[in-house]
Structure formats: C-alpha cells, structure tokens
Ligand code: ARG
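Single chain ahead, written as structure tokens, the form predicted on its own.
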C-alpha cells in the first residue's frame, strides 16, 4: 500500500499527544492534584488574604501538609458557599472538603469524615455598643438572629428556638457579620473560634457561648475509604509533630 506521509504525520502527532496526556512518555507524567473545596469566609480557618486575594488559613495549610504527605504534588482550592460543599463532594467536583465543618450524624449519612482535628462551641455575638445581654438560650427569644446557611449554628437555632425568633440565613459569615454591623440583625450565632477572631478585628463582642462540644473533620465522598485512611494517617502524624504546634501558634497564638 502506498503511504500518505501527511496522514502518517498527523497520526503520529495524535499518538504522541495521547501518550503525553496519559503520562506514558518521558517528561509527560501527570501532576497529582488534590481538589479541595472550602468556604473562605471563616477566619482563621479559611479566608482571603486582603493583600493578594489568595485563600489561606489554618485549614488550607493543614490540607496542604496532608496532601504532600500522601503523595500529591499540589492542592487546588475551590471556594464556594458552605452549603454547596457536600453536594460538590457527592457530584465529584472536589476530592475533599475542609471548612471548619462539624462532624454530625446527619452529615455522616452522605459523606465520610476524617478523625476530628479541632473542637468548637457556638458563640452569640452582638455589636459592641449593643445593650443586649444573654444568660441563657431563652434570652434569644424575640430576637432577629443572623446565621450562615447550612451550618450547625443555623440548625441549632432552628431546633431550639424555632418560631420564637426571626432567623436570617446568609451565604457566608461575612454577610452575616455585615448585617449585624448594619443593624439588620440583633445577634449572630456562629462557631466560637471565628467569633473570637471577629472580636479582635471588628466592632463586636461575645455575650454568650452555647456549649455544643463540636468537632471539625475533613469530609470525603461516601465510601472513599482509601483516601480517608491516608488522610487519617497523615493527620495523626502531623498532630504529633512540631509542625502542628507551629500551625496552631501561627493562627491562634500561644
């Protein structure tokens, strides 16, 4: 058969591209990337650096350390609303979710969690000039309460106060905080570590802490046992190393 040089050249080119994409030729090995979902409005765990706009924080550094230990070349961070994280995991858009996410029985029905890496309660914050005092959850009755949609704080208010309050749900804590500062809500209920950060940076104060004893975990798709086991192994190693103490001191002091 007479050969067609042009056609042969095209076929060879296509073959080389395919091999390069699959990492089967020298220098063409694929980069191993861990796709991480977060909600970057939760300082000091995840937030946008005001200087360069990059997403940073305790969780981001932690998952980067974990990814390196389990063989990934880098992490790709995808920022989204908190209540989009679990659906994104289920749809395969991200590999893991880390966003100060509390391990709950309800969430465990649809995703798998790593071992806990942080503890938190729920805090009630008000503007610094507010005369509101709270000595029990009952004191919140009749108030306009701001929360981040999909969070344990939101669920707590719905469960324990229900129709006794006016609940306003926001896509992120930044919006809830802004509503508080603008006088659109009386109080905001949110995770205690973030409340402490807000107190340091904004004109708010904590008037009550709800002792919920929550634990944060890293979420993976349901049944992804291989990845989960690797994350737990790396997390255990990190938490028992000087790197953990340095990370905690960097974001929480001490």
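Keep in mind that what you see is a predicted model, and the values were worked out from it rather than measured. Positions refer to the first chain, counted from 1.
The following text describes the form predicted in complex with the ligand, which does not appear among the structures shown.
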| property | result |
| --- | --- |
| Residue 140: touches the ligand in the predicted complex, heavy atom cutoff 4.5 angstroms | no |
| The ligand contact at residue 82 in the predicted complex, heavy atom, 4.5 Å | yes |
| is_contact(residue 152, the ligand) in the predicted complex, heavy atom dist at most 4.5 Å | yes |
| In the predicted complex, residue 176 touching the ligand (heavy atom, 4.5 Å) | no |
| Candidate stretches 211 to 219, 224 to 232, 50 to 58, 66 to 74 - the one whose heavy atoms come within 4.5 Å of the ligand in the predicted complex | 211 to 219 |
| Proximity to the ligand in the predicted complex, single hit among 168, 78, 127, 107 (heavy atom within 4.5 Å) | 107 |
| Position in contact with the ligand when the complex is considered in the predicted complex, options 111, 96, 157, 99, heavy atoms within 4.5 Å | 99 |
| Heavy atom within 4.5 Å of the ligand in the predicted complex - qualifying residues of 179 to 213 | 191 |
